[in-house]
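One chain comes next, on its own, written out as structure tokens in the form predicted on its own.
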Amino acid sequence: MESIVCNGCSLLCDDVAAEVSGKTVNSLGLCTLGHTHLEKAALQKTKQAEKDFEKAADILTTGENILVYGWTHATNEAIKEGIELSSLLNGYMASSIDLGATQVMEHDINASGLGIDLEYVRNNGDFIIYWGSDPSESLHRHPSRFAVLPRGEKIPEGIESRTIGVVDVRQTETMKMANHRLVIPGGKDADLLDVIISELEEKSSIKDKVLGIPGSELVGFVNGFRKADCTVIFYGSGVINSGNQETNLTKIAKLVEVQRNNGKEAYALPMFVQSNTMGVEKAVSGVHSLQRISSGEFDTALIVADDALAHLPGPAAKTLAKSHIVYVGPPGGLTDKRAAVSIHTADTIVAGTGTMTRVDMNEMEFKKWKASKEDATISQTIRKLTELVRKK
């Protein structure tokens, strides 16, 4: 087996290996989601025809209002090429990160340096909280590689040296490994955060049930903050897409501040899933496109490495489907099927070239391996399309 980098999620695991023999794909260290992604990518057949490039260039150069969209599964190099093409087309460069990630990264929760890298968490985090996030469904190796199970410099016994808390609106698989399991009503995150903050500031005393949580259970959770030297809160879609995002993030930032005022280390990190969310955020920040897509503003769309018609909210997807779509990326999905023309590329995991940005902002470089496909990458394809558009 050979060392590879997996782009199945935003963890971009670089401590895994794989081999492909005919139609058999074997892997070492990959989670179930990662292996499934690798298997699909390794067995995909792709081809590019010059006529498809010509047709795509014609569609893009004759469009009046052009959306250049996607990118969350593209490399940083491809995103750079996309920005150049978008500028050439006088297009609107946007991404699905504006469905939640953009709002998070614009929030003051990031202004005070609340983030750290995942290696620091592994070495120092002794109170780990998953708030509105369930890595058992999305970022499978997050607990096992970084936050719960592994030993670290100040965590000599791994999980035995840590306290784990999970806050969610339902019982989750992640709760099975937790010391504290708090199930709260939907939309009540801020209320619970207020109670915890008030308790830590010694402005109140928990005696009775709070949001259906027994007082003794909640007191135990609050004591976890008091005992911890380094608290790390991993917040996910339950916080980000709750409808109360602004308030929830403000309260989490306040909780971190309170811990720090009490002489503790404390941090908050998002749990974005799509593989290069942070790479897109760094390159295309502050863009909000959902309303413009839903209004039917764009008659033409170049969609890159994203099944936008499957991921966008229904009204926006239906409107976007009426435009002239050019799709660039690995084959498969609703967008590929609906596109007026599709130009297929190798998936980055088997192309083995380029970089993506991990969820904690670390740059990860992909590795060439024997099974790497000679098929064109997304970056190469966008560059070629740009050259054709420039000649039109």
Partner chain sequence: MKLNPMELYNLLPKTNCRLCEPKTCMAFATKLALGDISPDECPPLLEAGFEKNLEKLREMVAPMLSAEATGIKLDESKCTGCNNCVVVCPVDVAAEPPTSQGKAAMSTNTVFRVENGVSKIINLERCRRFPPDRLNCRVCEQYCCTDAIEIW
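Since we're looking at a predicted model, the values are computed, not measured. Residue numbers count along the first chain shown, from 1.
The same protein has a further form, the form predicted together with the partner chain, not shown here; the description that follows concerns it.
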query = Is there a non-hydrogen atom of K176 within 4.5 angstroms of a non-hydrogen atom of the partner chain in the model of the complex?
reply = yes
ask   = With a 4.5 Å heavy atom cut-off, would you call L30 a contact of the partner chain in the model of the complex?
value = yes
task = Flag I159 as yes or no: does it have a non-hydrogen atom within 4.5 angstroms of any non-hydrogen atom of the partner chain in the model of the complex?
result = yes
request  = Answer with yes or no whether K251 is in contact with the partner chain in the model of the complex, where contact means some heavy atom within 4.5 Å.
outcome  = no
task = Heavy atoms, 4.5 Å, the partner chain in the model of the complex: which of 257-265, 176-184, 220-228, 203-211 makes the cut? Say which one.
result = 176-184
In the model of the complex, the one of L290, V195, I83, L149 near the partner chain [non-hydrogen atom within 4.5 angstroms] = L149
task = Could you list which residues of 128-147 come within 4.5 Å of the partner chain in the model of the complex, counting heavy atoms only?
result = S136, H140, R141, P143, S144, R145
